[in-house]
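Presented as structure tokens, the chain that follows is alone, the form predicted on its own.
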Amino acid sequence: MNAQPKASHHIAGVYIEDDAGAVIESIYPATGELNARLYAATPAIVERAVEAAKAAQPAWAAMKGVERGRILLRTAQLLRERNQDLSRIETLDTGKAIQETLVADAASAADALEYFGGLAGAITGEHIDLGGDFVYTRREALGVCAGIGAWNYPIQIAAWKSAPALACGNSFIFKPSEMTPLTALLLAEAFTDAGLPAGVFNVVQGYGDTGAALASHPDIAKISLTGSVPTGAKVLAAAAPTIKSVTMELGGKSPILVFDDADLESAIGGAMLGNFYSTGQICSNGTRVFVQRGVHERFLDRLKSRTEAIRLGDPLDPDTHLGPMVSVAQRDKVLGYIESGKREGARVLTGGGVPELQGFENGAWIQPTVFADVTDSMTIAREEIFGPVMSVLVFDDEAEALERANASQFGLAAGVFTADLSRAHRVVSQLEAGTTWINTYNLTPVEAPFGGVKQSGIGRENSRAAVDHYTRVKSVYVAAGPVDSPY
């Protein structure tokens, strides 16, 4: 399963190694085999990346937006041409099924680069007429920005953060999760091959201390994190002394509300996608599924049969639906949540254990699991599990569903399934979430803002909204006549 990169870091357009750093191992989650061995960034490597990014940024920002955009568009084209190989590496690194990585990882990274490549020439200020005098505003790059990635969508997250940053004229340093270090390096290769100037995009590997070094670095103007709420709190604290801009895309415990007039098969399909895709390792997953009493039993019956038809197996087989979790440690954490659900009185409708798969005995496998008879106070209904565990709860009316759906410190996402579009819009307007869906779930096109409220995050990724987070506005007052001064 060897997927050894040329070196651990990619700085100023070339691969860099420093074996003095702590060892990072990429493990194929399906079998436990070693994909690659890398090294975490030493302080010298971090400084080298920052210096490269600082040196490259002024000239990059001085380029016309359309010129920057052309390079992003060429990078997108290269990712599409290399999608098969990139998807295979992403599957080896994450364990996700190849049928998923082929459409949801490098392909969505290319979508982001295309969108922001097209937008780069249209990042402008405004003119404000004051009746003679006037003000105009400039949108200026922040400088050096840094991103800290998560292990569920490695190359997608790297592109979601770097594409708007680069389109706006910033340079960028990206730290992948230590669990999935491989494809960010391949994104860096694609940028270089597309003609990105050396130093504009850099990759440094590492653990939490490397992320902290980036978040606290005085020469980095912005930090963007995708991760858990506790990690977000640490990064915010590290960024505070230098008063740098932050974007936080954090965890969730998102609700899906299924009303009794919903298209039941679509609602079940949406709930399954919102719990089992990526083996449940998606921050916006709708892990609290509230079903109105009138369709509750029918919902559970069909959900059980459809869940039990999910094919687990070799992640590199195109017919496999679901691969393993990212690691045995993460799998065991999820199994602990499953045991707590049983202990607290929830009923296992299906799953709840580890499947037996010949040839994959050492992998991080887990069955897609559905709990029925779940109450709001249960641990599985309150805490983010980050695995393929769905909790189904029953409700009677709209007001009750809304109150219970909003009773969480999280507010990343939410979904509503109903044939009554007036109710759909009314309910969505009252759900405390940053990203919502009506009669579907977990679709996140780059054209739409993505992010949360409450403890689920700060700021937005994607869409034109991301430009606000990677530029600063300068006001320029222009006088049309002499200064009127009493002095």
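The structure presented is a predicted model; accordingly, all values stated were derived computationally and were not measured. Start at 1 with the first residue shown and count on from there.
The form predicted in complex with a small molecule is left out here; the points below concern that form.
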Checking 202, 275, 75, 177 against the small molecule in the model of the complex, the residue with a non-hydrogen atom inside 4.5 angstroms turns out to be 177
With the small molecule left out of view, choose which of 143, 227, 411, 368 has a non-hydrogen atom within 4.5 angstroms of it in the model of the complex.
227
In the model of the complex, is there a heavy atom of the small molecule that lies within 4.5 Å of any heavy atom of residue 249, even though the partner is absent here?
yes
4.5 Å heavy atom contact, residue 336 to the small molecule in the model of the complex
no
Just checking whether residue 208 would be counted as a contact of the small molecule in the model of the complex - the rule being heavy atoms within 4.5 angstroms.
yes
4.5 angstroms heavy atom contact with the small molecule in the model of the complex for residue 234:
yes
Stretch in contact, per heavy atom within 4.5 angstroms of the small molecule in the model of the complex, of 192-200, 395-403, 143-151, 114-122
143-151
